[in-house]
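Read the single chain below, which is given as structure tokens and is the form predicted on its own.
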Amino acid sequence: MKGGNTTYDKIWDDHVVEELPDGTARLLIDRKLVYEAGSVQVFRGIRAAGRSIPNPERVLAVPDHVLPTHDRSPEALAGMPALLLEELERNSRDFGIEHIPLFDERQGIAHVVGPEQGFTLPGTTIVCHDSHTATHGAFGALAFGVGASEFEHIMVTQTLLQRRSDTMRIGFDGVAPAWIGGKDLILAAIGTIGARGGTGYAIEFAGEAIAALSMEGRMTMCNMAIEAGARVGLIAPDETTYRWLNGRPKAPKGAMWEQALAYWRTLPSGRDARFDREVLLDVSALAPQVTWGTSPEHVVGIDGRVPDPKDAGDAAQADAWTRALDYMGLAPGTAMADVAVSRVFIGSCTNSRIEDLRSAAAVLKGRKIADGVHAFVSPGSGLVKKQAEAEGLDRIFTEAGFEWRLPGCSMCFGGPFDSLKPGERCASTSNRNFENRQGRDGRTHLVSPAMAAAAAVTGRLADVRDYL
């Protein structure tokens, strides 16, 4: 191991089983997360081939994607949800995989549950059949999403053919202002390098503003590394990481903890680490961020305006901006703070953890949402929900006019139970504002939880700094 290696390189080198002549490597995959949607094909393939799953204790199954968050009665679950839940439970039982059932208080979104349970650990390789698996990189893990056929191969062989990525470090210089969190930092980064700027790279986030972030904020950032085109986003583990993990159910205990800690402390990139690309952002005067278009790179500060395609860098960008404005129903030059919303969603694997709910509740306390706004919050797991209720956050939300929902992916991807109607405009804490993402012809503005709460109170995109 070279002392100057990046965190990515160190983890990669520790997991190479075989180097192949074509430049690819057979990589050992430590841990796998499974959810109900998309896993049926995987298990059927394993069965059809007559295979078993070695080390099933390294797999964790949890339902999250196609679940109603307003109701869990048999009637609400009838049809596809019930079939997929039964299939996940049966497959987990047959292959000896730990399964967190629907009515277990630990149930929730896989990328919330994994870290919460201590299943996610520094220095490990983690996969799931979901693109936002990059979330787990917040712990100094090499985590990424894979397709169904790749996942089937991993489950049976515990390995995957991969080509080493180039490395990029995005440094965040300066102390971030109050109420600037992980969502604002990652949106600013995507706005800087573009939605394809990270293609081919493993991105490491670093700098003073990152060191000051909580684990929740770091997970938000790595979650959206995929929205910059990267397959991997990670943050080197530090004392914040270790404090957060210590005592988690699946985290090492006793002497094993000390051994793990000694290894984890070798993972941060060396001072002489060389990255293939470096980007530096000064965040000392960063305003809360909000998207205006149909890509996470379409982002400005809340004190900014909708851009004019005439000011685009080239013809292709001008065409993309024009199409985005047509879809979003916005005119160039419109002040972002003048854009009205009718829906607000707080949740998703990006922003549904306890810190996210606390920040939104701080804005909502003693206030009511605006007339005509439909708002709801879906905690990331049953344990987040339980903690929020113990702190009285649920009462703050409901007294303000929000619906207090059950855990699940919910409106993030415009699922069968929660989606926007054509033309509805939503301030959302999720990760994607693509066309039709949250419902056919729905219009999504990505914001932080605190910004979403401010939008609910005002009925328009609003600067949270005016309400705190």
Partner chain sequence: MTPFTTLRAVAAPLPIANISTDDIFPGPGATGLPAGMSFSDPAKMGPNAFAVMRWNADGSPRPDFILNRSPWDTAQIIVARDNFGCGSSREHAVWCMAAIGMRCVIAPSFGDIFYGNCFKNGMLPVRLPVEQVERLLSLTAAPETATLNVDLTAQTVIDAGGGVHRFEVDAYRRDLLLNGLDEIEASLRAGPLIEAHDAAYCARRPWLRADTA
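In this text, all values refer to a predicted model and were calculated from it rather than measured experimentally. Numbering follows the first chain given and starts at 1.
There is also a form predicted together with the partner chain; it is not shown, and the following applies to it.
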4.5 Å heavy atom contact, W179 to the partner chain in the predicted complex: no
L28, heavy atom within 4.5 angstroms of the partner chain in the predicted complex: yes
Contact flag, Q259 vs the partner chain in the predicted complex, heavy atom cut 4.5 Å: yes
S295, heavy atom within 4.5 angstroms of the partner chain in the predicted complex: yes
Candidate spot D14, M80 and H153, all three touching the partner chain in the predicted complex (heavy atom, 4.5 Å): yes
Among the candidates D319, D282, D303, E389, the residue which, in the predicted complex, approaches the partner chain to within 4.5 Å (heavy atoms): D319
Sole residue of T334, S342, T157, S214 within 4.5 Å of the partner chain in the predicted complex, by heavy atom: T157
Per-stretch contact check against the partner chain in the predicted complex, the hit in 350-358, 89-97, 194-202, 168-176 (non-hydrogen atom, 4.5 angstroms): 194-202
Residues within 4.5 Å of the partner chain in the predicted complex, restricted to 24-55 and counted by heavy atom: T24, R26, L28, D30, R31, Q41, R44, R51, N55
